[in-house]
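Here's a solo chain for you in structure tokens, the form predicted alone.
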Amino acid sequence: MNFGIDAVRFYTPGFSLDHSLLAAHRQIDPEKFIVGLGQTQMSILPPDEDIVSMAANAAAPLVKEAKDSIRLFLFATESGVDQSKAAGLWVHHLLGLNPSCRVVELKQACYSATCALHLATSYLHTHPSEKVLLIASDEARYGLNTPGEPTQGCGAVAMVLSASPRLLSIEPHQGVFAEHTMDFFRPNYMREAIVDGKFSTKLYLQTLSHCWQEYVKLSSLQFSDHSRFCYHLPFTKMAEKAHERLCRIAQVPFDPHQIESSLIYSRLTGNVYAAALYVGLSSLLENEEQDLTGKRIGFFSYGSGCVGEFFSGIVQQGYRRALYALDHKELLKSRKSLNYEEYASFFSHRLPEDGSEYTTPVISKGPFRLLGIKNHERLYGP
């Protein structure tokens, strides 16, 4: 029996900033962002949304049919809203999930959703009649007028995992590498991450090499056994660098067509941390013209700090009937393009940190939004 991804849907807020506008405001050549980073837009989080509202908005259409059979809910994020309570418990309530459902939050930078994926498939081996809900939801923040600013973004990906999945069967071999590094981190007292961009890029590529070598050793698969590749996407140019590195290791010519369909959505959303790899998967399945049925996709997941993993999956017959391509394209197309002042205002907005009552301005169209705070408690609703 196969286990893997039965459905996947992503959500990003209805506001964006063009990189050409940001470059003009910073008096930088826009080609530095558009060509150098491979980014054209980034999604902007408004004051009445956060990782909980984005997660619920991503998952709501998925759980309608699977609600009663979901008995495990894994929430992956590095943008947690509480030091103790899992953000998924708010989502569990908003979606009306089964009370007999385990809920837990996982964290390891951008890698946690991949760890959750394998935890879920292992769980399904012993509970094949059940389903697992996995949501990755994040906001990438580096600060106004910082080197990382043009790679910011936000969004959530929701996946239903099951036996006999409609989209992707996950294969059993993974090449994993972990090492204590300080290329990227965010102390509890900071809203923005601290990152050494050059060091992090170097570690990303080194970790890819380690993971690929172990994956090949464990699986006996070679580069030619894979039709397409998806990489973690802090910015889309990083995937190009990674694929070039992998092609050199495998001693094969670099073929951009093996990754280009996976980059389309990320160019418009920016970095979504733990959700980024799976936005790439959605983009690949929904924008690749070739029928991928039966094809093997190679995945490289990377979380700074650092943990990396290379694994693979087989695209299932009839996968296109289970996609949300029209929803995603309309979502991205309908976003409002902000001017710089609006963007800076959204970015600088802060919720009270003393527990005082606060009502957020109504900005988002929902269906779920952050209503405000009362007695230190976050309140959500339509």
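We number the residues from 1 along the sequence you see. Just so you know, these numbers come straight off a predicted model, no measurement behind them.
There is another form of this protein, the form predicted in complex with a small molecule, and it is not shown here; the text below is about that form.
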Which among 171-179, 302-310, 214-222, 93-101 is in contact with the small molecule in the predicted bound form, heavy atoms within 4.5 angstroms?
302-310
Within 4.5 Å, heavy atoms only: does Gln108 come near the small molecule in the predicted bound form?
no
Closest heavy atom of Lys198 to the small molecule in the predicted bound form, within 4.5 Å or not?
yes
Does Thr151 reach the small molecule in the predicted bound form if we count a contact as any heavy atom within 4.5 Å?
yes
Considering non-hydrogen atoms and a 4.5 Å limit, does the small molecule approach Gly270 in the predicted bound form?
no
With the small molecule left out of view, which of Glu65, Glu330, Glu31, Asp354 would have a heavy atom within 4.5 Å of it in the predicted bound form?
Glu31
Can you pick the one in Gly88, Pro165, Gly280, Pro234 that has a heavy atom within 4.5 Å of the small molecule in the predicted bound form?
Pro234
